[in-house]
Structure formats: structure tokens, C-alpha cells
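Two forms, one chain: they're shown below as C-alpha cells, one block per form, named structure 1 and structure 2.
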Structure 1
Amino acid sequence: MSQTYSFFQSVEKSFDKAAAFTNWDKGLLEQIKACNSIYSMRFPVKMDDGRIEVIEAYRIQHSQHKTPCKGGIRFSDEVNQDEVMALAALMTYKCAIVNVPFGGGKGGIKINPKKYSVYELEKITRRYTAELVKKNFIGPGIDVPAPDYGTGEREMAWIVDTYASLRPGEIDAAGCVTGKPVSQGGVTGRKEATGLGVFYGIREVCNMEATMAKLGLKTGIAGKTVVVQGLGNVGYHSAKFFREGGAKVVAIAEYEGAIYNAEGINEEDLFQHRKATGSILNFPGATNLAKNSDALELECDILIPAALENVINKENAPRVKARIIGEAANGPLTPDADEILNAKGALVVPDMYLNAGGVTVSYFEWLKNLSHVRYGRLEKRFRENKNLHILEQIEELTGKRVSDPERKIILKGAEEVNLVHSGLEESMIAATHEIMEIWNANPEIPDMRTAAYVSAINKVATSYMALGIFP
């Protein structure tokens, strides 16, 4: 008989499964698994119509093996303590896997943002920030939030403004939150970071000959069929980069339904269609599917669930035909679904590593805020002048001139977005190889998720031991 797990229990189950493949002390493993600090708050906010509403909110710091803690804030009426604990724990492991020196944290406000005016949302966000400041749960060296489901640049701008007003003269105040507008200290490339990270991670897996041979697939991304569930920020950018990388996005699902086109779907055209009609359905050239969950069960090489958790479960997992499932969302597979898909020989590329693009680029933004200088400013012109000199020397020696388009590419110095994408690519490639090396070194490890957890546990445990807190 199958057991039902809460989201946090699912994370703990995955942790315990991986911990069995490590040699760390049981007490140390218990410390890594536990949530260090849980701040559950209630605060009143006056609404536009004059009534007072009591808002339920959370900020949870899962691990302080490295500081600051890092993790998004979500606005959703589904927010509860268990969910925020689970997401905070995943942030700890996610940061460790991609070698980002943060502990895990997460925040949530239990509201449906669509039901509030902009002014009401601003008051809620600013009051939440003030509550975090009061209890020392936010700061560039303490805990650094970011956007998550239901939040974005606007909310982060309100947070940094509130924090700076309550901490006058703090020179690194901009580093108290990431995902800000570029004009407020944000970094270019943050918006597409999670989707781009998903692409880099899956592309690296697809470039591994032995892994592809086991799955019965050709090496490389080109020509592979992809289904994306979700057309939000992550789903949109995942679809975009897969299409640009030579894959074919044959289906996209959203809450109102799903569409299919064997010839491929252009995500930007679909986005504009949805903007105009309010739905992805009836997109020119595509077929509407009976229900949105049907997209998960289509024939394809790669399935990217990029929306909410638990969309693939023990009921529908047996019907999932994709050979590779890339978890762009947090916890889109239940533990039961995981085991069913692994038994079928599919490769599940786990969330807490695959969707780490957002936190990786958040780390770059935080570094930018602490250094007070944008990436590329000090070296761009130097590189361009150097490249020009080298190119002129080669042209002089060969007596040939490089074509204008190639000349432009060779001479161009790196802008901030180029450096951010480069750093993200390096982080995802390195993490993929670290996980695969652990998995290949121990054939008893059943799946990539467990190998990823082993990687995270080893790094967090090493940090705890280096702190000397276990005499």
C-alpha cells in the first residue's frame, strides 16, 4: 500500500535514500536534514476598502552551514509551513550542488496576488520586509530572498527599498535581495536564468554518449522532441532555448489546456497568441488536447514539467512516455512517480540541481551588489582593443581580411549578460559532471536524484565539519 507524503517528507525521504550511500555520522546527517530556523508570522494590513486583513507569512532558514541563506518568496494561497520548509531544504542542496556558497532559505505569503490591488500588494510586501528586519531574518550577510511563484522584479524593488530605509547607511543594502530590476542593482540575464540553466543541464546530459546509449537516444540536443508543461517564465525560456538549440518543442501545456504540433511550436508566437486571446488553445497550426495533463503523456524524448509540484504521480507516471524528464519546477514528481519512471528506464534529471539557474545568477547579482561594479565594465574595452590588435596582426601576416560579420564577433568584448550566461553554463556543466561521476562510481545508486543528493550531502557535511562545531 502506497504512503502519502507531505512535500517536506518527500524531500526527507530522498535525503535518507541518498544518506545511505555516504559514511557521515548519523547525528551530522540529522543536523543537515533539519530546518534550523522557522519564522511563522501574522500581521495586519489595511486594504483599499478600509477593512483590515491578517496576513499569514513565513520565512524559513533551513541551513546556516554557509551564510547568507538564500531562497525565493512566493505569493500563493497554497503557501503553508510544510511547503516552505521543503523548498528551503531543496535550496540548501541546490546551492551545494552548483557550488554556490549559500545556505538554504525560503519565504512565502499566503495570498492570491491576483485578488489584490498593486497598492495592497506593495503594503503587504513592505510590511513583510519590516517583519523580517525586526527579527534579523534578512540582510546581505544573513538571508537574501529572491522572486518565486507569484513574485517578480517589482516586489524585489519594494523589498530593497524598505530594507534600505530601515537600515540607513548600510553600504551593501542592495545585496539584501536578488531578482531586482537592473536599475535597482539587478543583473542582466536574471530573468531567463532558470530556463537557460534547465537547457544547459539537459544539453550536457544529452552530450554524454554512454547515458544516451542506455536511453536508446542519439547524442546531442538537435532533433530531439520536447514537451513543456507551463508557459510561465521558466517554461517560456526553457522552450525558447531548446528550440534555438535545435530541438523541436512539439507540445506546450498551461492550466487552461494544452496544444500539440509535430512540426514544432514557437513559444514567442504562442505567448503573443495567449496575450491576445487569454488562452494557448486554438493556436494556429496546433491541435488542442482534451485536457492539459494529456501533454505529460505524449510521445517525446524530453519532458519538462515547469509549473507546480506533484504533477506527475503514481496515477499518471505509468503513462509518461518521455525518456528524459527534466524537473524545471520544484518537486513536480512524487516519490512514487520517481520509482515508477526509474523502473521504466527513464532518466529523471532532478529539480534541485536542474532549476538552479535562478539561484546561480542570483549569486552573481549578490556579488555585483557587494562589489558595486557591473560585470564587464573594467575589461570590455581592453578585450576589444586587444582582440583588434591580434586580428590586425593576423590579417597583415596572411594578407587576407576577415569578413565583416566574423570581424564583429571576434572584436566584441563581453557584456554583463555574456559573462552571466558564461558563468551559468560553467556552473551547470560542472555540476552535471560531478553528479554523473558520483553515480558512475557507485552502480548501487539507483538514480540521478540520489546521486545529486549524495553530492549535496557530502558538500554540506564537509562545511559543517570545517566549522568545527562537532568537537
Structure 2
Amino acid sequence: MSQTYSFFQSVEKSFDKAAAFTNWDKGLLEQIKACNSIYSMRFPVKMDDGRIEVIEAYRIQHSQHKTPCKGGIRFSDEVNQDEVMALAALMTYKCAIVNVPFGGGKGGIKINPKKYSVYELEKITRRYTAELVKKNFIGPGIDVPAPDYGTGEREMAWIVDTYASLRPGEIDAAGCVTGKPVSQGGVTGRKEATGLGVFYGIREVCNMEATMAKLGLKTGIAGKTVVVQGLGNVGYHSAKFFREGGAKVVAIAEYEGAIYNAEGINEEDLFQHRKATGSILNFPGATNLAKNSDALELECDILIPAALENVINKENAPRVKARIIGEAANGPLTPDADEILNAKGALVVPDMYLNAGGVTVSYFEWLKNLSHVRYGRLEKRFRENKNLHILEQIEELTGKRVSDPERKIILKGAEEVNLVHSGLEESMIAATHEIMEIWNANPEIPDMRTAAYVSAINKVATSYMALGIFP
């Protein structure tokens, strides 16, 4: 008999599957799974027409094994407590996997933001923040929200402003939320972070000789064929970094259709073409595919679903030919599709780890806020002067002059964006190796998703043990 699970229960199910490959005490595992603090609230907001509307909202802190908690705030009609609990739990595991020292949290306001004026949205966001302040559910050392569906820089700027006015003199107030505009304490490099993280993660997997041999692929990213679904934030940047990294993006799908070009597609040209014509179809040099979902079934090395959830399911999974499926979107594979692709010997690189670039860079933003200084401000000029000195010495000793383009590269000191990218690269590479080591050490672990969960469980359990709650 098939059983249906709520979103939170299905996260618990994946957790239990992975927990079976660990030796942690049963009670400790129960504690890790549980949602620690649930704040379900209702508050009134006066709308533009004078009506008072009661707003339903949540903030849930899944785990405080490390503080602050971290996770986005979603504005959507679909928001409910179970969904926010599940998303908060996933944040705990995601942060642990990429070694971001936060517990998991998530927030949600049950509204369709398209149905409200900007002024109404501002009132709702500010009131929500005030409610969080009253209950001590927000703060740079307590719980740090970020954007999610339906929210962005604008809402984060309202949140930090409200928080700072209610906590006058709090020197670290800017660190109460991430995803802020750069002018309000945001960090450069946040916009492309998720797509770049996807690229770094897949590139690292492709650099693993044994893994590639198992898949029947050559080691390295160069020359690999890639199909990307979605030309939004994550899809666009994934395509850009794969192309720049030497792979060939042979097809791109959007909701209006899909295009194919064996010679490769330039995502920026395509983006401009779509802006001008309203569609990705009829892009010069490319062929249109009959249906946008046909792109998912093309012959390619790497498939990057970066649009919606559940796009690969029981029906189309048997026809997916990619050897590597990189889950850039959240939940692009149904559990059935996951099983089918694993049984076919494909490698599914799981979302919880692969799309963690956003939260990783949020962590860097928070660090920037706590240090009150832009990355690179102190050392950039020092490094450039030093580099110049070294270069001049080399040129003097060898009697040769380095070419101008090379000189530019050697001399350059790091800007904020370079350091953010470098930190992201390090985080994704380290996480990939940790997951693969767990998987290699236990051949019983069926897939990379389970190995990623085991990695998360081990880290959270270790923290709890160190806290001394479970002597």
C-alpha cells in the first residue's frame, strides 16, 4: 500500500535512510530531526483601501546546534507550517554539508506578493520583522533570514532597517539578515553564487578519476556537453560558468521552448535574443526542439535542471541519457526518478549540496557585517605593491619582460568579489571531497544524496555531543 507523506515527513524519511549508515545514538538522531522552535504568528495590517487584513506567517528554527540559525523568507500563497518546517530542516543539513557554521531556519508569509502594492508589502515585511524582534527570533547571533521565493534585496533592506531602528546602538545590526543590497551591507558576488557553486561542485566531481571511469566519461570538465533547463538566475550563471570553464552548453530550455546547437550556445547572446524577441526560440545557429521537456532527454554528459521541482519523474526518467544530473534547482527529481537514474548508473549530484552556493556566500556577507569592513580593503594595495616588487625583481634578474596581459594578472590584488568566489570554490571543493570519502568508505550507501545526508548527520551529531547535552 502506498503511503503519502507530508513534506516534513519525507525529509525525515531521507534522514532515516541515511541515519541507518551511522552509529549515532537513536535519541540523538531524534533530536537532530526535530524542529526546535516554531513561531506561528498572526498580525493585522491595514491595506491601501483601509481594510484590515490578518496575515499568517512563520519563523521556524530547526536546529541550534550552531547559532545563529539561517534560512530564507518565502512570500507565497502555498506557505504552511509543514513546508516551513521541512525547509528549515533542509537548511540545517545544507549548512552542515558546506561547513557553514549555522543551524537551519526558515520563514514564510502566506501571501501572494503580486496581489499587494509595494507600500503594503513594505508594511507586511516591517511588521513581520517587528514580531520577530519582540520574540527574539531575529538577530546576528540568533537567527539570520535571507531571500527566498517572492522576496529579494528590497525586502532584506526593509528588514535590516526595521531591526536597526528597534535595536538602537546594536553595532552588528547589519548582520541580522543577508541578501541585502550592497549599499546596505550586502556582499558582491551573491547574485551569481548559486550558479557558480553548481559549476564548482560538478567540476570537482568531474576531476575525480575513479568516479568518471565508473560513468564511462573522461576526467575533467573540458569538452563535456551540458544541457541546462531554465535561463533564470541559477540556470544563466551555471551555463556561463560551464562555458567559461571549457564545457559545451549544447541545449537550453525555457518555459516557451528549447534550443539545440552541437557547437555550443552563448548564454548571454541567448539572453539578449530572448529580451529582444520574447523567446529563446529561433536563436541564430540553433535548432528549435519540439517541446521544452525534450531538452531533458538529449544525449549529453551533464544535465542541469535549474528551473522547477519534479521536472524529472517516473514518466520521463527512463529516457534521460545524461550521465551526470546536477540538481541546481530544489527537488527537480521525484524520488521515483532518483531511483530510476541511479539504477541506470547515472550520477545524481544532490541539490542540498550542489545549490548551497547562495547560503555559503550569505555566510561571507554575515562575516563582512560583523567585521565592519569590505573584503580586500586592508590587503589589496599591499598585495599589489608586493607583487610589483617581486615581478620587477624577476625581470631584473632574468633580463626579460613579462607581457602586458600577464603583468595585469600577476599584479592584481584581490577585490571583494575575487575573495567571495575563492571562498565559495574552497567550500564546494571541500564538501565534495567529504561526501565522496563517506560514499567510497561504505559501498552500501546507495547514492550521493544519502552520502551527503550522512555527512550532515555526522557533523550535526558531533556538535551536539561537544555541547555536552548527551554525555
Ligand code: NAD
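Note that the rigid core is defined as the largest set of C-alphas that superpose within 1.5 Å between two forms. From a predicted model like this one, the values you see are computed outputs, not experimental measurements. Every residue number counts along structure 1's sequence, beginning with 1.
- Legend: structure 1 corresponds to the form predicted alone, while structure 2 does not.
- After superposing the rigid core, the Cα of Tyr255 is displaced by 2 Å or more between the two structures.
- Relative to the superposed core, Phe242 undergoes a Cα shift of 2 Å or more between the two structures.
- For Thr188, the Cα coordinates differ by under 2 angstroms between the two structures after the core has been superposed.
- In the core-superposed comparison between the two structures, the CA atom of Ile221 travels 2.7 Å.
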